[in-house]
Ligand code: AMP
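We begin with a single chain expressed as structure tokens, specifically the form predicted alone.
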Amino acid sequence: MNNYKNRSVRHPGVGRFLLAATVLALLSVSCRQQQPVQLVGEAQGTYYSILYYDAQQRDLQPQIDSLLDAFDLSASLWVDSSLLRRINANLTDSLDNILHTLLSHSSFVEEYTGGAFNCRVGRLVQAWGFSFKERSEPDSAALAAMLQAVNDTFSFDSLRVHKSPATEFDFNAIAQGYSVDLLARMFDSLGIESYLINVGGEVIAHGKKANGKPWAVGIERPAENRYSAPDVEISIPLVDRSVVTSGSYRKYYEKDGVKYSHTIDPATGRPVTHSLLSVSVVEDECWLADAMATAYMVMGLDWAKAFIAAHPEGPGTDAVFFIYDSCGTMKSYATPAFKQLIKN
């Protein structure tokens, strides 16, 4: 179905909170250097900010918006008429290129992470109140039925997907990253070699700034709550890489004094409850950074550390984690590969 397991990966990252990765030091140019083009807009229920150097100074906003609109019509759960919504409602089994790719990528990451990542959690995400439907926390019988759907097998080819009627796909943990990759391909096809794309905090950087320096991207320190102002904790240089942050501190709801994270554990069918606040992953492709960040949020720090140690040459080795320790103090853990990235 895919060949990701055989690729050589060098230590290369329900939506994401809006300022997961704050772009820093975007402009550092003199009047003699080429001026960048900067575009901002809205898509996928969030914002985008794109900066690029183009000798022709082209305004690519119409093409960008068109691509993102087409992406939503395929893979969004928030668009009633999207192909994904129709597949989940068992109205069609047809696939387009976007959904076929998302299924292929998701299948790879599910196998690679031992099930920590799972794209069949759609009904669970809805039940716990992190979707377009009203919250209806499941009782034990309903939870068992939904877990069965999560574990049901499915198959697909380039044209069709075959699933059980109860299975509902949710690509929120990978789709936005893939949309960033598609935008990057568009820029590449237009001969634009230096750009920084940020869609809802999911970032890809290609080439360098006009002054020859790498793009600088900030990773946010986990905030006290969803309303707190962003505070950059770490700035990292990015050249031909992506970074995605997944966290539990901006997307949650409270009931009876309990915070429910938007990250659902496919094994239990419940929101995760461990002390991991956020994880940022740097990867060559944004979809992979996106998916691995979510998988680590499911795993928690201890499992994630053991997983990375067992897969030193695989995806997801460049990562930084923020946790609460046993005393309630926020601490961070950076993998050796991530530490090396900062040094560079």
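Bear in mind the structure is a predicted one, so any value in this text is a computation, not a measurement. Quick note: we count residues from 1 along the sequence shown, nothing fancier.
Although not depicted, the form predicted in complex with this ligand is the subject of the following passage.
> So in the predicted complex, does T294 come within 4.5 Å of this ligand, heavy atom to heavy atom?
T294: yes, in contact with this ligand in the predicted complex.
> If you check in the predicted complex, is N88 within 4.5 Å of this ligand, heavy atoms only?
N88: no contact with this ligand in the predicted complex.
> Taking this ligand as it sits in the predicted complex, is H105 in contact with it (heavy atom to heavy atom, 4.5 Å or less)?
So H105 does not count as contacting this ligand.
> Report yes if any heavy atom of V298 sits within 4.5 Å of a heavy atom of this ligand in the predicted complex; otherwise report no.
Yes.
> If you check in the predicted complex, do I234, S280 and T335 all have a non-hydrogen atom within 4.5 Å of this ligand?
So, no: the whole triplet misses this ligand.
> Name the stretch, out of 181 to 189, 80 to 88, 119 to 127, 152 to 160, where some heavy atom lies within 4.5 Å of this ligand in the predicted complex.
Residues of 119 to 127 come within 4.5 Å of the partner.
> Looking at N172, T167, S194, T101, which has any heavy atom no more than 4.5 Å from this ligand in the predicted complex?
The option sitting close enough to the partner is N172.
> Would you mind checking 262 to 281 for residues with a heavy atom within 4.5 Å of this ligand in the predicted complex?
Counting only heavy atoms within 4.5 Å of this ligand in the predicted complex, the contacting residues of 262 to 281 are H262, T263, I264, P266.
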